[in-house]
Structures are given as C-alpha cells and as structure tokens.
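Take a look at this one chain, the form predicted on its own, written out in structure tokens.
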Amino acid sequence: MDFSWSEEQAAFRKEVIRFAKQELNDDVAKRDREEEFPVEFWKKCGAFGILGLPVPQEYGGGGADTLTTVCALEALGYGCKDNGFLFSLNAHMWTSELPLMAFGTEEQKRRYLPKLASGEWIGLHCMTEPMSGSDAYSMRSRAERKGDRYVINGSKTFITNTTHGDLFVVFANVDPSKGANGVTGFLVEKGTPGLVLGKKLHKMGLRTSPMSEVALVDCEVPAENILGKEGSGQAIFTHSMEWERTCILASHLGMMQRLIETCVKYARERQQFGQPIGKYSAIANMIADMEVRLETGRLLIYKAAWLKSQGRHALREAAIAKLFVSEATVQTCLDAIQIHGGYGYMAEYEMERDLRDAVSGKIYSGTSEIQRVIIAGFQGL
C-alpha cells in the first residue's frame, strides 16, 4: 500500500479545496439555522465533477478510483464548512449511484447514471422504517407482483435528500416468509403515483441536508425498475453500506484537519498568564491527541479505500474505520471547543455546529454499537 498522493491526485486535491472554499461556504450559518439545502451548490459540484467521481466515464462520470474519490472528499471536508451538504453528496453517491453501478441493468445505468453524475438528478435511499433501525431487514414495507408491475406499500423514516430527490432506491419485502431473503430493491422516480413525502424531520445537526418521512401507498412500479432481482435487497444494502462506511467519513478527516489548524493558530495567539496558551501542556496535549486521531483515522480510511480499489471486500476494515473516525471526530470537536473556552461555545466561532454535525456520524450507516458487533463477528463472537 502506497499512501502518498500522486502528483495528479495532489493537484486535484488542491483544486477541490480551492473550489470548496470559494464556492460552497456562503451563508453556512444562515442555511444551518433555516435548514436550507443549497441546490445551486449541488449543481456547481455536478459541473465540477464531484458527484460523478466514482461513476464510469461511459455513463457520464469521472471514472475515479476509490482512493482518488476519498482524496476529493477529504479535501471537501477541509474546504467546505457545510457538513450537512457534504452528507447529502455522500448519500447520493454511495447509496444511489453505487447500487446502480453494481446491480443495475445496462438500460437502468444509461437511463439514470448520467443524470445522477451531472447533478441534474438527486438520488436517495429508502431503507429505514419507524420500527426497524439497526434491525434493517425486519421492515414492514411490502411489494406485490401484479402482472408487469409491483405494488409497494409501506413507510420509511430518516430518509436523506427527500425534498429535492429525483430517484428513490426503495426497499420492500416481496415474500415476508423468507425474511431478509425476500427484501428487494426498486427504482422509483419522483412523481410516481403513491410515492408521498411525509413530514419534514428537524435534526440536531446536518441541518442543511433535507430529511423527512416517505410513504408508499399502492405505489406502482414497472417490473423493469426492480434493482437486481427479487430477494437481492440484502446484497444491495450490504454493498452500499460497505462503500458508504469506507468513504462517507473521509470528509470528517478534512474537518478534523481544519479544526486542528484553527486550534494551533488560537493556541499561539491567545495569551493567558503572560504566555500563549499553547505553551501549557494541558492545551498542547489536547492538540497532540487531535493529531494522533486524525492520522489514525486517515490510515484506517485509506486502507479500506485501497482494498475496495483492489476489488476486495472491506466489510471489517470499513466497520473499523467508521467506528473510529466517527467517535474521533466528536472528541476532536469537543477538544476544539474546550481549547477555545467560552469563545468555542459561541455560535460565531462555528465549532458548536461542527460538533452537532459530528454526533450523527456515530448513528448513521450503522451505529457505533453495530460496528462493534460486525468487528467482533469477524472474531467468531
């Protein structure tokens, strides 16, 4: 494994940081307060090529390898302060584009991937239900085959990108007697009769990423819109989660780097008792620990991404990376606030928003507790 960026990757990283700083940071605090999703920023990312990075060139994407995509996402986390927007970007790529690439028919790929890669369409993933969270396959949504169509009924919750979504990857069970083996994925377009957006959900963090409930009421979907085949929903979901857990927290690495630099600058400039606070071991040690967490997180994510780029499974490595980086980011945010004292607690300094956004990383894509179950499972426990 070679963790050094090539000249091309390093140049791309710099360009992504420049793009993010110049184009994606306007009115972040206001948009966070008012829960606004920046559609114009989405289109800018599409035009820049971010949204299509992992998509093959033949379908309108950039054809980037996994490590290059992680490099770009880390750069986005460093340059863009809107963590909610970056969360929406990741949800779009890993739970909409990647399932299509792996399980879609050629016709489905050509119909949907160019629109998703360009940013013309926004994708979303409908798995979680009110009564099924970590136990995802205990869903109550049902799909019944009727001639050349499937009729879907059910309800979903905690669904990202809903209010601006165009392509819904919906999971429902076609044969409850088979349990998880009956779960099936469907591609449902916005405007399909019976696809209903429910109440908007108001979150502690990631507030610029829209979230709401989704209902399916006798929602008829053409049989050709099945993703994969009947009963392949478990494989689709596992595939998506492995990719998402590998890559979605790459932007957290960039955020941690930004916080460290902010804290170092403050520790050098802030004077107390006649000297910079960075001269006191209590502050210096906190910054050292922040640096250790960042470098460890990088190694874990880069390794998982490298395995995926080699065409190998990384379920264990992705779980380890997701667990460590999500928890490390929360602690780094807490340390950054502590270093800044009363100023860190003020909204003006923006670190409280980073903390609110970071907490969700311990929950989405499988909670920290679920990651530990996965990791322990590889030890036969």
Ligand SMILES: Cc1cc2nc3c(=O)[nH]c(=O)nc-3n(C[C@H](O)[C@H](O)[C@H](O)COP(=O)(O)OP(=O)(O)OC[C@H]3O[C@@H](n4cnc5c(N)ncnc54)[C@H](O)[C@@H]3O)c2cc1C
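As the structure is a computational prediction, the values presented were derived from the model and not from experiment. Sequential numbering from 1, following the sequence displayed.
Note that the form predicted in complex with the ligand isn't included here; everything after this is about it.
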Could you tell me which stretch in 280-288, 143-151, 156-164, 302-310 has residues with non-hydrogen atoms within 4.5 Å of the ligand in the predicted complex? 156-164
Ok, Leu86, Ala172, Ile122, Cys126: which has a heavy atom sitting within 4.5 Å of the ligand in the predicted complex? Cys126
Listed residue (Leu116, Leu294, Val188, Met211) with a non-hydrogen atom within 4.5 angstroms of the ligand in the predicted complex: Met211
Tell me, yes or no, whether Pro276 is in contact with the ligand in the predicted complex, where a contact means a heavy atom of each within 4.5 Å. no
Heavy atoms within 4.5 Å of the ligand in the predicted complex: does Val373 have any? yes
Report whether the minimum heavy atom distance between Glu15 and the ligand in the predicted complex is within 4.5 Å. no
Though only this chain appears here, would Gln9 touch the ligand in the predicted complex if you measure heavy atom gaps against 4.5 Å? no
Quick one: which residues from 184-216 get a non-hydrogen atom within 4.5 Å of the ligand in the predicted complex? Lys203, Leu206, Met211
